[in-house]
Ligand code: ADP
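Just one chain is shown here, as structure tokens, and it is the form predicted alone.
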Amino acid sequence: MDNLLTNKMRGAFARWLGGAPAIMAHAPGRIEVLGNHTDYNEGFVLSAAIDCGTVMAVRPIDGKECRLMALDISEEARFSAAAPDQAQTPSWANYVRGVYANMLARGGRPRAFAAAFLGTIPLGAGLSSSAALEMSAALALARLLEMKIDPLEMAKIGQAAEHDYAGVKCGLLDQISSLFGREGMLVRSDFRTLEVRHEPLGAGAVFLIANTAVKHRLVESAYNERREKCEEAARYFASVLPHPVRALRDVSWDEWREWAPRMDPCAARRAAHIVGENTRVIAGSAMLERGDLEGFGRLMFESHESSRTQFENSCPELDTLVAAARTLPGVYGARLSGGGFGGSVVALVSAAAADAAAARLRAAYEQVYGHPCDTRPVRPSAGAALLG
């Protein structure tokens, strides 16, 4: 937790509202390390909460209207405390509106409040600033409304905000990663059972984020199309396989190879990515347990190639960085992180080689695109929490 960010929030909140917040909460961003788009296919993911995030500060106020301030951009939104409807603008407010609305739907009593947030997660980097905003808001508002909500239910509240208010049919990966992070550990999530466990990264390695700052158009519609194709593929496999298929998690690689030639080609490619990713997460967990970072890194490179060719959610900027990472000493593996179509590459690197690798990645990107990308090391960190 960044004490500088907390102190900055206290000062900014006081300047905005003329007093101190009653409640503060912090939620981290996340990196997705293996298991791309597997969460909504009831599969497996390895992720990590990271050492940058969002602080939410809240105070009850009189009246029937809630006030919400994005301190980074000095923009304020207002909405009814009793009926927090979806808004067209500003769109960022829908993440908090959606969280609050879902708390009311679960029995929370309407209460007017003023809330403000600050963050250190680069926007558009694929590090899930939206989930960090949702989870920091959920923790703070649950305290304000005197509601006891367990972490998995809180994750579902954030997911519902994405679905119903932001219009993105996401899985639970981002919210669970933010809530269940642990220092030095990766979060392994089973999105059928919602079981969460932790795998050690090891002290000699860090993750390096290379942010392209690219967010291609129509990302939300492309995400939703990928999900629809996965569901189409699952329905096909359910119709031809001799065992129950509820989601692509139930399909083996051998079954995919047998039946793919008879499927819609696009649905077959999307399914290949998901089935392969689940296989890689299971193999990668075993590698982490025995400290095989080189083997784990190879799986990351394989994952990116599958994203590029099968799921088609990469882009030239991401591919440039992964190709450069393959050539660098001390880099075990690299792949896109998150939904894709832009955002960031996550690379697993030796801690001793991190600075040199970062410089080489910036230079490789600048050679192609005329300007360097932003790079930063991140470490697996603790999950979301209320602040004292």
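Note that the coordinates shown come from a computational prediction; the quantities given were computed from them, not determined experimentally. In this text, the rigid core denotes the largest set of C-alpha atoms whose superposition between the two forms falls within 1.5 Å. The first residue of the sequence shown is number 1, and the count goes up from there.
Quick note: we don't show the form predicted together with ligand ADP, though the next part is all about it.
Trainee: Note which of Gly126, Pro84, Gly297, Gly181 lies within 4.5 Å of ligand ADP in the model of the complex, where distance is taken over heavy atoms; exactly one does.
Mentor: That would be Gly126.
Trainee: Select from the listed residues Tyr165, Phe207, Phe117, Phe311 the one whose heavy atoms reach within 4.5 Å of ligand ADP in the model of the complex.
Mentor: Flagged contact: Phe117.
Trainee: Examine Asp72 and determine whether its closest non-hydrogen atom to ligand ADP in the model of the complex is within 4.5 angstroms.
Mentor: Asp72 belongs to the contact set for ligand ADP.
Trainee: Is the gap between Ser130 and ligand ADP in the model of the complex 4.5 Å or less for some heavy atom pair?
Mentor: Although ligand ADP is absent here, Ser130 would touch it in the model of the complex, with heavy atoms inside 4.5 Å.
Trainee: Any chance Ser91 has a heavy atom within 4.5 Å of ligand ADP in the model of the complex?
Mentor: Contact check for Ser91: yes, within 4.5 Å of ligand ADP in the model of the complex.
Trainee: Taking any heavy atom pair closer than or equal to 4.5 Å as contact, tell me whether Pro122 reaches ligand ADP in the model of the complex.
Mentor: Contact check for Pro122: yes, within 4.5 Å of ligand ADP in the model of the complex.
Trainee: Using a 4.5 Å heavy atom cut-off, indicate which stretch of 106-114, 92-100, 314-322, 282-290 touches ligand ADP in the model of the complex.
Mentor: Single hit among the candidates: 92-100.
Trainee: Gly343: after superposing the rigid core, is there a C-alpha shift of 2 Å or more between the shown form and the other one?
Mentor: Yes; that C-alpha moves by at least 2 Å between the shown form and the other one.
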